[in-house]
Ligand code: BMA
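Read the single chain below, which is given as structure tokens and is the form predicted alone.
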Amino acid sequence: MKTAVVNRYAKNPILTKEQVPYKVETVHNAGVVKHQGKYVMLFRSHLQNGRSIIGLAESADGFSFSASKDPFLVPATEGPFAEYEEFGVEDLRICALQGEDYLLTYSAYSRHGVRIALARTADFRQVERVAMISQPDMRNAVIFPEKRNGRYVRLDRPHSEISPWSICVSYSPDLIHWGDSRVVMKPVSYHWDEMKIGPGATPFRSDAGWLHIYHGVFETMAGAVYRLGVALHDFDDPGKILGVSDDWILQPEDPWEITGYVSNVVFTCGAVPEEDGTVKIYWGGADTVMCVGTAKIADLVTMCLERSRPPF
């Protein structure tokens, strides 16, 4: 029998709306990082008005989480961010950049569309908004944990008719002004990710390069199916892709992934590599609950190098 690439935690889901001490309708699409020996999760929740906020939960082992009594980030109501966060804040990623505060990228929705916002925190108690770092429409931005040639590097996914639903790389000297952008990966026709792809979890180191777990979407007669795949990026030039696994690593299978707010979805915004050579992968199930599983980092590298599909 074929062994699963990602081993689901037996007690999934690990966080649901019933465990949040304030009123929410969903818990999903969370960035996760290890901070001072604890796992910190910044999760998205829908309110009853349909708009989203970001909550915080902590865990000693990465599996059993407890949610804080108050939300971590809610749409700004004054200042320059208020106009662009009017319809909600969503799908936050966390970048632990050496020597700096944690960088937080999230989708800010408003009547103007969706933009990428940047914030920072040192302790996950206080958060400082920094800047809007994209023009509409763009979402799913992840920043690499190390600079290259003095510049920050990110992956993002513009909404474009020229190269639809493709992953781009961009560079910045100061985190605010981004450029030198180019497409590095596109959906492949008649493939599990043929409808659209997008950045997922913050990339992490392996012996062979940066591993990036992304999401891919396939359109069926019953609607779209969201799955997870993995790509390997060059250490020195993260815009260079060394391999993309031809196979997905995770698809909706459990009841809470198949049925929910948005059915047939596994969607990641966070992955935490461990010293034992494994990585904890966190995903939202059906835009409703949070789940976790583990994979061997070496297995993910092998999939990218030995069973690879073209990036375009």
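Residue numbers here begin at 1 and follow the sequence given. The model shown is predicted, which means the values in this text are computed figures rather than measured ones.
In what follows, reference is made to the form predicted in complex with beta-D-mannopyranose (BMA), a form of this protein that is not presented.
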- Message: Does beta-D-mannopyranose (BMA), in the predicted complex, lie within 4.5 angstroms of each residue among Arg139, Tyr226 and Phe267, using heavy atoms as the measure?
- Response: yes
- Checked Asp193, Asp91, Asp156, Glu85 for heavy atoms within 4.5 Å of beta-D-mannopyranose (BMA) in the predicted complex; positive is Asp91
- Task: Could you spot which one of Asp254, Asp287, Asp246, Glu58 gets a heavy atom to within 4.5 Å of beta-D-mannopyranose (BMA) in the predicted complex?
- Result: Asp287
- Note on the structure: With a 4.5 Å heavy atom cut-off to beta-D-mannopyranose (BMA) in the predicted complex, the contacting stretch among 275-283, 66-74, 259-267, 246-254 is 259-267
- Message: With the partner left out here, which residues of 18-38 have a non-hydrogen atom within 4.5 Å of beta-D-mannopyranose (BMA) in the predicted complex?
- Response: Asn29
